[in-house]
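Okay, so here's just one chain, in structure tokens, the form predicted on its own.
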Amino acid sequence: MDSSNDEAVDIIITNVVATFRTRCHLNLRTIALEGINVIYKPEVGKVLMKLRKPRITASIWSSGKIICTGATSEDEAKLGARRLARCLQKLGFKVRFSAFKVVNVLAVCSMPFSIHLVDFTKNNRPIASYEPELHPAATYRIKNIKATVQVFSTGSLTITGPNVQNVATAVEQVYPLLFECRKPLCK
């Protein structure tokens, strides 16, 4: 961050998406009939199961692959995935929790200043793009850490990345570029 500006920027994680495998075939009809907080989607070939604590929603396929969404930290995602595996074990499946992986992290952040998006895009042309007819934010893609930052003129950022460390790195990397393109304060 800039040394002349000592304001801290809070990064709030809003969603963590994780996957894991059960290493067994799952009968979706059995899960739908005997499970709790379940929505059966036979036309798509999956079951949605919701947990209250931690608050996650899981998409369960008969192959044994499960995708968990809605957690607010990587630890919470792992805890929810393990609780889901335990629920499936209680329904009589020989579930073995394996191949857990956090695949996506969505976070939001607010800069203490507004941003002039046209200047930001011109200064960072190959990496940043801004199409005001399509979306109100400028998109800044960081290839080496596989993160994408949506920059709004109000100073709000939406960051997507493969893990929490990459999201924090993306904010640190984009902050000086945003600071250069801040709008002057109105008095």
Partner chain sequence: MSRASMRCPGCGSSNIVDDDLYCQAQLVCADCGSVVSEGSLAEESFNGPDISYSRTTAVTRKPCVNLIQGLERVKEISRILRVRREIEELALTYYKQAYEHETFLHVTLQRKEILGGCCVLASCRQQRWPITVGTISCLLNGDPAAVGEVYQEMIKVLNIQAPTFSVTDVMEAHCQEYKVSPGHVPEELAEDSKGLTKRAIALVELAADSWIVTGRQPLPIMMAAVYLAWQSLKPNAQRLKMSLEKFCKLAKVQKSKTAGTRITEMKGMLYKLGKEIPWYKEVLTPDNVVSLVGDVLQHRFSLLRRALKSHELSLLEKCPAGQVNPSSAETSSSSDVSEDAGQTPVKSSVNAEKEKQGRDGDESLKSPSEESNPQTQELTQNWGKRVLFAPPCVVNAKRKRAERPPLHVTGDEEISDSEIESYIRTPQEARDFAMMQEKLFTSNNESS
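Numbering follows the first chain given and starts at 1. Remember, predicted model here, so these are calculated numbers, not experimental data.
The same protein also has a form predicted together with the partner chain, omitted here; what follows describes it.
The partner chain in the model of the complex is approached by residue 87, whose closest heavy atom lies within 4.5 angstroms of it. At a distance threshold of 4.5 angstroms between non-hydrogen atoms, residue 126 is in contact with the partner chain in the model of the complex. The partner chain is not drawn, but in the model of the complex it has no heavy atom within 4.5 Å of residue 27. Proximity of residue 122 to the partner chain in the model of the complex falls within the 4.5 Å heavy atom cutoff. Taking a 4.5 Å heavy atom cutoff to the partner chain in the model of the complex, the contact residue among 118, 67, 48, 145 is 118. Shown without its partner, the chain has 78, 79, 82, 83, 86, 87, 90, 91 in segment 78 to 103 as residues with a non-hydrogen atom within 4.5 angstroms of the partner chain in the model of the complex.
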